[in-house]
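This document opens with one chain alone, in structure tokens, the form predicted on its own.
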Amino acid sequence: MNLKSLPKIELHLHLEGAAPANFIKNLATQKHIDVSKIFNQLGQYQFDNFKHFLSVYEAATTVLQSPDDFYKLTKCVLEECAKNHVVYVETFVSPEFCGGNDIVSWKEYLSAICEASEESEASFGIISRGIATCIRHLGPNSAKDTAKCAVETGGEWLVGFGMAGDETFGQAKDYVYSFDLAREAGLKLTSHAGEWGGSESVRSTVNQLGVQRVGHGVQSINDDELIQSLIEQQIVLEVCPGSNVFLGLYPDLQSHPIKTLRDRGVMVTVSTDDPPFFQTSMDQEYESLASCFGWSEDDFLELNRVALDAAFCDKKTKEKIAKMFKF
């Protein structure tokens, strides 16, 4: 079984978090910005825990200061995805990092990202779509501004609204306004939950924010009633095994609940989250899962079928992607 050549769908990839370390270092050098503290002696991103990771992540994004920076970033990230045989990817991108939630600035950044996306599809055969993402720990007011940016620019490329950041900050109900605004504009919804906030974080996110998907969601495994609810509501989990292990949420892949969740009937997908930060790739994720759980090509095809059904793109795009898998 050659998993590397298998087409892949990825639903949980942070655009800024997919920036290779060298990309950020070179950009920082050009702009005379010192970000040397966020790298180790091997030139890799370095952090001690999740909170530290968030600060390193935000430090890395400080060098991304213009639409042209995001154009180059998007081209770089999508080329790397294509090397891992990803044929469709949904990227989280934050208007907060693209002009400080200012709608006029955001439109300029988004235009550059869309241009890079179109060029990458022509050059590498990879289709991408975007999810405008608010940063939870920046608070509900910032989230409202992000939602307004998303509503103004939703369309063929920007298909969703989501929330990332520190899920232990505040409560899901604090962000209901933003998610309602996005929903009414026709955007699909997802939010990080159940990575660090426990199963109750997933329950409140699903019940109060009305999301179709949950980013991570792995701590649902600790709540049988919640698992049944996820199955009944057909909520899809965007699972990032390598990220969870790297950050110490689980000691190793064998301890990770992705197989148990799937075996119990929860719809799960596989993604990389922030691959350069967690030293992973989609090829590596597939190989590790196959080695650890004995999953076959049929298992991965089924995971991709779930991902395609859960994708936020339109029907015409889904039909195009399905032909790549011969679904």
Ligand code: ADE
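Computed from a predicted model, the values in this text were never measured in an experiment. Note that residue numbering follows the sequence shown and begins at 1.
The discussion below concerns the form predicted together with adenine, not included here.
No member of the trio 129, 160 and 308 reaches adenine in the predicted complex with any non-hydrogen atom inside 4.5 Å. In short, of 263-271, 51-59, 28-36, 284-292 it is 51-59 that has heavy atoms within 4.5 Å of adenine in the predicted complex. A residue is said to contact a partner when one of its heavy atoms sits within 4.5 Å of a partner heavy atom; residue 90 fails this definition for adenine in the predicted complex, lying far away. Interface membership of residue 213, defined by any non-hydrogen atom within 4.5 Å of adenine in the predicted complex, is ruled out.
Residue contact with adenine in the predicted complex: residue 243 places a heavy atom within 4.5 Å of it. With a 4.5 Å cutoff on heavy atoms, residue 195 counts as touching adenine in the predicted complex. When you look in the predicted complex, the only residue of 149, 164, 209, 86 with a non-hydrogen atom within 4.5 Å of adenine is 164.
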